[in-house]
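Before any questions on how it binds or moves, here is one chain, the form predicted on its own, in structure tokens.
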């Protein structure tokens, strides 16, 4: 009976082409799109707009050479056009003037690109000055780009892939589980099931097993895409990675069951689930870190369910860390799972 119910749930799911697309195809498209855009692990090249001087000085060539060595994309524009692009917000860093009256303008709205660009311009200027004064080639501190675990220097795609795994599990738990249960209750399916010989535990367990299968398949599809498109793969234990994914899937499904108990209709549940989904997606580090956020916010999100899950998943996947190294994160995730499961039992009803 359990297998038949499981098979029926699977057929119902596979007939929904929209659900199949959002579960399997959309995360791969996100990985492909962002992975190609930010394929260089050092980030996109910073554009520096320089107003063409009326007369170039002797220091000019050395300064331009030093700017090129900093991997800046230097573009010289006439004053009118440079000012127009600045007013339109297209320029992050604008360099004007000549030696010794250089001046830099940094666009406040493009500070994430402008401030690093300003630092590179300042470094290039100091290098050019040292060469012009005959002090020889300045000594630079060598650097490498590598992951925190120093196992492999990952690209942005390697950072993004675990984030997409977590986001996919969260969306399945909140929408594929919670929304379906609200729809079943709203349409009276639960009420009809209650008078059939089908035990309730069989119905619920079949749903859980079906979602676990979907979660495993969706994660596998993402891993295969990451391996063969970007050459990234799990650096840690496969068993540890699978255990974290399984725990995350269970927690997010429990959250979906719990939230479904607070809604009478799918419209109400859509609002409730989005209140939970969007803050978790934006604040948990799916696409980027919160380094620029206030310290209290960075610390607070570590107690949300998705943030510790992603931290553990990235530690294992990118750095080859052991599961024990992320014991506190697993404890936080398990606590969320127990709380959500208890709430789901308390709020669940057939009618």
Partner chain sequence: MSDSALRVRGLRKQYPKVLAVGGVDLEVPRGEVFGLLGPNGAGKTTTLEMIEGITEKDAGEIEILGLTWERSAREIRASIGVQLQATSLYNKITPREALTLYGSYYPRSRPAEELLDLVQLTEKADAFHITLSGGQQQRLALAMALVNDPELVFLDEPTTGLDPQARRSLWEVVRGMKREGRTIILTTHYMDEAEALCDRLAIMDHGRVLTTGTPAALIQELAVPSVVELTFDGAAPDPGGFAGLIGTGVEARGELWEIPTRDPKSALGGILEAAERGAVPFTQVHIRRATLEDVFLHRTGRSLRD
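These figures come from a predicted structure and were not determined experimentally. Residue numbers count along the first chain shown, from 1.
Keep in mind that the form predicted together with its partner chain is not shown, yet the notes after this line are about it.
A.B. asks: Just one stretch in 185-193, 228-236, 266-274, 93-101 has heavy atoms within 4.5 Å of its partner chain in the model of the complex, so which one is it?
C.D. replies: That would be 185-193.
A.B. asks: Using a 4.5 angstroms cut-off on non-hydrogen atoms, would residue 12 count as touching its partner chain in the model of the complex?
C.D. replies: Although its partner chain is absent here, residue 12 would touch it in the model of the complex, with heavy atoms inside 4.5 Å.
A.B. asks: So in the model of the complex, does any heavy atom of residue 119 sit within 4.5 Å of its partner chain?
C.D. replies: So residue 119 does not count as contacting its partner chain.
A.B. asks: Taking its partner chain as it sits in the model of the complex, is residue 216 in contact with it (heavy atom to heavy atom, 4.5 Å or less)?
C.D. replies: The answer is no: residue 216 has no heavy atom within 4.5 Å of its partner chain.
A.B. asks: Using 4.5 Å between non-hydrogen atoms, is residue 345 touching its partner chain in the model of the complex?
C.D. replies: Judged by the heavy-atom cut-off of 4.5 Å, residue 345 is well away from its partner chain in the model of the complex.
A.B. asks: Consider the chain as shown here, without its partner, and state which of 199, 79, 138, 279 has a heavy atom within 4.5 Å of its partner chain in the model of the complex.
C.D. replies: Contact residue from the list: 199.
A.B. asks: With its partner chain left out of view, which of 125, 86, 156, 203 would have a heavy atom within 4.5 Å of it in the model of the complex?
C.D. replies: By the 4.5 Å heavy-atom cutoff, the listed residue in contact is 203.
A.B. asks: From first to last in sequence, which residues of 78-106 have any non-hydrogen atom within 4.5 angstroms of its partner chain in the model of the complex?
C.D. replies: None of them.
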